[in-house]
Every structure is written in C-alpha cells, then in structure tokens.
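Coming up is one lone chain in structure tokens, specifically the form predicted on its own.
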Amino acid sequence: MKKEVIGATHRFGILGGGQLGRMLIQEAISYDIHVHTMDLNSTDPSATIATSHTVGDIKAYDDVINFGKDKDVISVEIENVNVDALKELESNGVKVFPQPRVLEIIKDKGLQKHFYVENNIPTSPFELTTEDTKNYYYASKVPFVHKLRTGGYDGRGVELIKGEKDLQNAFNAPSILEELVPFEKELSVIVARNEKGETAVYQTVECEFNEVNLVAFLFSPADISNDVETRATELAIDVINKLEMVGILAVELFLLSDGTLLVNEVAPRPHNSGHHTIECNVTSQFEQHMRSVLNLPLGSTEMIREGAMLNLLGEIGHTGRAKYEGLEEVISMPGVHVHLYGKKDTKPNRKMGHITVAQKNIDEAKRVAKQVKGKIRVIAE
C-alpha cells in the first residue's frame, strides 16, 4: 500500500538550516507536513520553526547518515553537502531529491559545464584551471570570469578579472575560467519536475546584481520578447529533463545582443530568483519544490501579480545585533511584502531578508521597489 505523503507521519528532512528551508517549512505547515532540518547551529533560520533540528555538519558523512536514516525523503537547501552519504541513504531506500548524482554534477562547476557541452546545452566557452596554473597564462586570457569549482555561494567564489591588476584575485584552487561574454541581460527561469516526469515552469525573470555579485533587484516578468521567453522556458525544461532531476531548478541565463541564450549555471533548490513567487504566483517556488520531491501534483505557475524583489543586505560597516531602519514606513506602502529571515546578527552584505513589491504592472513595481530600496537599512544596534 502506498504510504501517504501528506501529514505528520511522513518524515521529510532538509540538509541546511538557512532561509530557504525556513520558507519551505512555512509552506509545508499548511499541509501539516513535518520538516526536520540539520545544520551546524541551533539558531539557524530554519531551526526555530522546524519540527526538529539536529546540530550536525551537512558535509560530514556520519552526520548525514545518522540524520537521514529514519527519513522518508531528504532534500537540500544548498549543494555543498556530503554526496557519498546521500548515495548510501538512497541505496538503503531513502528517497533523496535532487538525486545525489545530480548534486554531484552541479556542486562542481567544472562537471556542470562539461554536462552542458555533452548534452548540447548552450553555454559560454570555458576551460579548467588548477592551483598550479601560472599567472602568465591567466594574463593571456584577460578578460575572463574565474569561478571556484566547488564551495562558492552567494557571490563568493566568483571573480571578474578585467585586467592584469585583477590577476591577484584569481583563485589558487581548482576553478573554471570562463570567457567574458557581452550579455545584455541576466535572466533566470525556475522549473520543477516530479518523479512522474511532469514539469512546471515559471515565467522568466530579469536580475540586476550588485558589486559583490548578489541580486540587488529582480523583475518579473523580464523585459524580453515573446520569442526569447519561449526559448528561455524551453531551455530550462530541457536542462531539467536531461538531468532527469526531481525537485526545483533555477536556470540562470545570459541573453546576448543577437538573441542568443547561454546557460550560466544552475541551482538544484529554491533560489533567490524565485522568492517573488510567494506573492506573485499561484504556487510559490517553495510549495512547488515540496510538491515535486514528494511526487505530488505540481501547482499552477500562473502569475497573479507582476512584481519586483530586492534583497535586504547588511549595511557596510555594521556588524552585530540587527536593527531594521525604516521598516514601518516600508510596510505601510501598498503591495510591499517584507520577509525577515530571523537572523539575529548582521554583517556587511549578509542576506537578512527580502522584500517583494507586487503590483498590477511591472513598471509600477519597479518604481515602488526603487523607493523601498532608499527607505530601509539593516544596521547594527
């Protein structure tokens, strides 16, 4: 007899204790699905609302095995986990989504880029570099983008090498050297797939990044032609199908001036570029991820409001107990939705929350989002 997947008897585990897990738990509560989390700190954003939180290292084999052995389904909120442990759990009958073989590819940007090439998925030219690659070789390749193969997250592990003075920032570790492509827009498509092979895709969004490669603004829908929209969503579906992945996937794209689309990289989990879906779409990316990994029917991705999103980042020069300046003024504005992640302490450029501005049209959403940006700051008390 098939085991019921909705309800407290189904043990759903998440590796990672950050804000992505927190927002997934907030959706799971509506279905009375109990979510159990593991990460190093007992005060992580997910830990305060999870059914249970285990203090453990998601990169440690034994910790992952011990956490996962009594779970029905395991998922992740960050790629940098112990894949060998997840393979062992999978072999013992625990469902692990995204699958360990998928995480193994995606967590290593070198393997990820090779996957694109082998599967005829358009991506920018690249080559692999090592800790022994010489500076004179890098100098011959300027300009380029240098990315650590593993461990990069939230803008870390990426360096833009524009000239020889930037070579001091090149990584002395296994990395990928990508050709600097002259893109016009950075786009993202969120796509989900369940065990049945059913897919659901959200409308393409446009991202603007700050100086440390974090999303400053997101706009939904993107200002692109119908043709580009169609090709972007088809490309995202193609990627998740070729991976045969179960779960939700963020596919980050470069749009070139001639209309060419290139896959930059992907994230096999809920993603910063999908946070707006909580207010702007019938089904949020978090509910969709839950549906997909539990093999439930996928939800409608219909847009109900056009919107903009901005990250709430810790102010430069402020470290300590967080204080939100301008919060009351911001929440008094129509269509503005604040999400704080429950992090007690702030530091420069730390993600402390996000704000979605949901409006009837994208131009109004952009206008209000720019106002919001100037009214709120995350500082230390």
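On a predicted model such as this, the values are computed, not experimentally measured, just so you know. From 1 onward, residues are counted along the sequence shown.
The form predicted in complex with a small molecule is left out here; the points below concern that form.
Stretch-level contact analysis of 164 to 172, 291 to 299, 141 to 149, 128 to 136 against the small molecule in the predicted bound form, using heavy atoms and a 4.5 Å limit, identifies 141 to 149.
In the predicted bound form, none of the heavy atoms of T283 sits within 4.5 Å of a heavy atom of the small molecule. Interface membership of E179, defined by any non-hydrogen atom within 4.5 Å of the small molecule in the predicted bound form, is confirmed. The closest non-hydrogen atom of N213 lies within 4.5 Å of the small molecule in the predicted bound form. For the chain shown alone, I121 is not a contact residue for the small molecule in the predicted bound form, no non-hydrogen atom being within 4.5 angstroms.
The single contact residue among E279, D238, E229, E186, judged by any heavy atom lying within 4.5 Å of the small molecule in the predicted bound form, is E186. Between the options E252, E88, E206, E104, the residue in contact with the small molecule in the predicted bound form by a heavy atom within 4.5 angstroms is E252.
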